[in-house]
Structures are given as C-alpha cells and as structure tokens.
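Coming up is one lone chain in structure tokens, specifically the form predicted alone.
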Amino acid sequence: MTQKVLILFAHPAQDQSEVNRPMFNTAFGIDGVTCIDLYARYPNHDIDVAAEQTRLRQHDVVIFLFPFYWYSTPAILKDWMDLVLEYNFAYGKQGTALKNKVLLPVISAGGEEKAYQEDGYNHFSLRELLRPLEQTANLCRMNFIAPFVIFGSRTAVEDHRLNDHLARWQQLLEALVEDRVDFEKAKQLEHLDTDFNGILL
C-alpha cells in the first residue's frame, strides 16, 4: 500500500534559504510526493480555496515545510489555513474531509535544541510552541505527528550537517509514501529525531 504525500512549502525569502529550499528540491524527485510552493503559486496571497481543498482530498499525508518564524508559520501558511480549512470541510458537523489524514510539520529552527527548553532561551519546547498546529489537526480529526526539525539551521551548512539532514528527509519521505512510519510512536515524540530509526517500520 502506498500513500500520497503533499508538501506545502512556505518560505518568504527563498534566496536566503540554505535548508528549506534544498529540502523542497530533494522532495521533487520522489514518486508519490506532490510539491507546492505557496509563495510561488500565490504571490498575492490570492489562494484558490477550491483547488487547495481538492488537493487535500487527494492526499493522505500533509506536510507543512517552513522556517520557524516568531514561534509560528510564515504568513502565507496561516492565510492558507484560515481560508482553506473551512467549516463543514475541515471541521464542523459535516467537516470530515481531512479525517484520519496525517499532518506533519517540517521545520528549520535557527536556535539550538537547548534553547527550546523550559530553562532555555525560548522557555518552551518546540512541540509546546507548535500546539496551535496540533490543535488545528485535532479539530480537523487529523493525526498530528511530532515535527521533523533541524535545530541551529543558521549554521547547518558551515557545520556540515545539511547533507545528513537531507538524507534523513529523503528517507522519511520514502517511508511515508511506502506507509512504513509508525504513526502511533511518532505522535509521542518531542521531535522525530528523538527516535528516527524507531519510527521506521
């Protein structure tokens, strides 16, 4: 059995992207993965709600790929959620279009992992800061799984960490398409690298 994976990529300054853009490019070559660059498709944020809802119906796994800006998503992804996840489509009495689909945030975070702790610079874990996305998934009756994240993304290239991250990213996408991810285990983690090999079936 295979799954259809949809990547919604949101980066407002792609000429400065050292991590997210290479990740998006990597995903293009994988069968079963649909790649949508939201800023390229909707430069004026004039989102085609019907087309986006149709695309959501056609996929099993939805990935939000974005840099973590001000503890949230870039603006176009918030616009996309505000407009596309309509009452009686994504939630509400008749809103079952996304039921049992998977939502996976894939994030680059500029700070080191130790900054995302109660006694760290940001005071909250990344998983805690993603609660609005998690509750959005809950409301839509989706399965929210722990984020796939690269910490310290500002120095990933100079520290020679990017290639390993891209290799794991490709491995994760192939496993999602081939339905080889233990979603129940992935839901419980702080982030997927906590036990990356353990979630692969």
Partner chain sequence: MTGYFIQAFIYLCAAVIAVPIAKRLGLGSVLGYLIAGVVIGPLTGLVGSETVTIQHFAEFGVVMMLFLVGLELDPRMLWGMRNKLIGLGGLQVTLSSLLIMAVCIMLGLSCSVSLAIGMVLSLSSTAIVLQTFQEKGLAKTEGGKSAFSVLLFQDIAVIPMLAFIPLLAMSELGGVGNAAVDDHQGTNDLVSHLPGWLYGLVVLGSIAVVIVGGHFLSRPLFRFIADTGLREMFTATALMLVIGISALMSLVGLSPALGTFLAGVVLANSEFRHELETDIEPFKGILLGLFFITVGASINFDLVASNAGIIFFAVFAIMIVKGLVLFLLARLFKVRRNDGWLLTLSLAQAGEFGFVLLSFTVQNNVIPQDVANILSPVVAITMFLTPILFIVFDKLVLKFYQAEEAEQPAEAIDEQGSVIIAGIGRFGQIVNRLLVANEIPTVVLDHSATVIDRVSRVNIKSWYGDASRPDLLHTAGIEDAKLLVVAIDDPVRALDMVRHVKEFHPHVSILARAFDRGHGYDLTHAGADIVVSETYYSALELGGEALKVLDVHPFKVEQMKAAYNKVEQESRQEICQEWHEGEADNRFTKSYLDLFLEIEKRLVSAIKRNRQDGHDTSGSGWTPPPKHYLDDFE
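Keep in mind that this is a model prediction, so the values were computed, not measured. Numbering follows the first chain given and starts at 1.
Same protein, other form: the form predicted in complex with its partner chain, not shown, and the subject of what follows.
- With the partner omitted here, the residue from Asp31, Asp164, Glu158, Asp46 that has a non-hydrogen atom within 4.5 angstroms of its partner chain in the model of the complex is Asp46.
- Between its partner chain and the residues Ala97, Ala115, Leu129, Leu83, the one pair within 4.5 Å by heavy atoms in the model of the complex involves Leu83.
- Partner contacts here mean any heavy atom within 4.5 Å of its partner chain in the model of the complex, and among 164-172, 46-54, 149-157, 22-30 they occur only in 46-54.
- Looking at His123, you'd find every heavy atom of it more than 4.5 angstroms from its partner chain in the model of the complex.
- In the model of the complex, its partner chain lies farther than 4.5 Å from every heavy atom of Cys35.
- Residues Asp82, Leu83, Glu86, Tyr87, Tyr91, Gly92, Lys93 of 82-112 are found to place at least one heavy atom within 4.5 Å of its partner chain in the model of the complex.
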